Structure formats: C-alpha cells, structure tokens
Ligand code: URA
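As structure tokens, one chain now follows by itself in the form predicted on its own.
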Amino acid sequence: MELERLLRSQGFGSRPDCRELVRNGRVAINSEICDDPYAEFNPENLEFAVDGVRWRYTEKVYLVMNKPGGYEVSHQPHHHPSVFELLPKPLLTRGVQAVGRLDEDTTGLLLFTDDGQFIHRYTSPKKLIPKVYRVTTKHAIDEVQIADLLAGVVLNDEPKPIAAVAAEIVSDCVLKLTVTEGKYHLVKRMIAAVSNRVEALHREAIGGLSLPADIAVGQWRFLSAAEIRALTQTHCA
C-alpha cells in the first residue's frame, strides 16, 4: 500500500494532507524517516511514527478507556466535556465511536471502535451482553434488596420486571451488580426500586473483558488481539 494511502486510512487526513506529512519528513517507518509518499509497504502489523508518536496499522481499531466522571459520551455534549476530547485526533478522523454509553457521572470501562458491525452486535438488545457494575449506595444493602434485584423489579414505563443476572454484597453500601439490559439509567432505576439510591457507579466489565488494571482514570489503550477475540467470539457470535 502506498504510504500516503496508508496514513489516510489511519486517520491522518486527506491524501494531500498525508502526502505533505511525508514530504516534510514527519513520518518514520520502523524508526527510519521516509519522505516518499508513494513508497509501498505491507500494512500488516506495520509500525510507523508521525511527529514522533508511534502507531501500528490496524484495519479496524478497538479501544478501551477508563472513563472519568464528569464527561459525557457524546460528540455534542450539553453540560460537560466529551470523552472524545480524551482521544487523539487521528482516531476521531477515522470515525471511532463509543460502544454504548455511560452517564456523565458513571466511571469505568468504555469501549470505542470504528467497526460498525461490532457496535451493532454489542449494543443489540437481543445479545444480552453482561455488564458488571460496582455500585455505591446511600443506604446499606441487605439480603432482601439482593433477593428483589435477582427476582426482578418493576420500573416505570417497562412492560415487565427486570432482573439482575447477579448481585453480590461487597460491603455495607457497596454491591457488585450484573445486568444484561441496556436501558436508560437502568442500574440507578433498579436500585431506586428497592428503596435505595446510587451514590457512585463504576463499570468493571463488559462481555468477556474486565477493565484492565494498567489503565489510569482518563486514559485509554488499544485492545490486544486476545482481548478482541474474547469480545467478538464469546459474546458476538
């Protein structure tokens, strides 16, 4: 693949923009500056750098972020900054989207990709993808509330009760809750239905992926091949 076309596919602008990047000596392949925009490279697993920042060619990109509180999962936020401001421009240029949403005050695991089929599969209500949350409540959690959550609670505007897949008391005011629905403010509404209130909400896992311990709050990284396989093969078949 010609270098200028390769760079364009990775979000570095139009072909003329990428041609200019190369001719200005701003692109390195395997640590060697390349100033020929028409030079041919095999893109598979190709490592390159633009302005000293290292990248690896990917046909589709899959990211995981440790979402901080106070950020909206929207390209057009209303009251808070957007999580997309935490991603570099090339990823935005190539059309990376969030896989589902988290509320502004919810923290934790958030996926991004430019793979439209993956987004559709992972957000389809029919797939029942498990999502695990660490929930901090205003009042102490007891076994009666746990039993009600597992049996199913009635929510306004829902035709039938919604049950948690799993619910476990972690400490007096903390529980681990697993749900498969993707409804608006679901966890907060479920906790309210058992006469309690969510004070903090953190997503620990989705599908076959737990939030990696190596990602600080507000940071992101590319998913490994093994992590992508765990997500796509186990829960998106």
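From 1 onward, residues are counted along the sequence shown. Fair warning: this is a prediction, and the values are worked out from it, not measured in the lab.
Another form, the form predicted together with the named molecule, is not on view; read the next lines as being about it.
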_Within 4.5 Å, heavy atoms only, which of His185, Lys60, Arg26, Lys176 is in contact with the named molecule in the predicted bound form?_
His185
*Partner-contacting position among Ala98, Val83, Ile129, Leu102 - heavy atom within 4.5 Å of the named molecule in the predicted bound form*: Leu102
*asked:* Given the stretches 52-60, 39-47, 186-194, 206-214, which is the single one in contact with the named molecule in the predicted bound form, using a heavy atom cutoff of 4.5 Å?
replied: 186-194
*Hey, in the predicted bound form, is Leu201 touching the named molecule, heavy atoms inside 4.5 Å?*
yes
*Classify Thr137 as contacting or not contacting the named molecule in the predicted bound form by the rule of any non-hydrogen atom within 4.5 angstroms, answering yes or no.*
no
*According to a 4.5 angstroms non-hydrogen atom cut-off, is Thr106 in contact with the named molecule in the predicted bound form?*
yes
*What are the residues of 126-143, in order along the chain, with a heavy atom within 4.5 Å of the named molecule in the predicted bound form?*
Tyr133
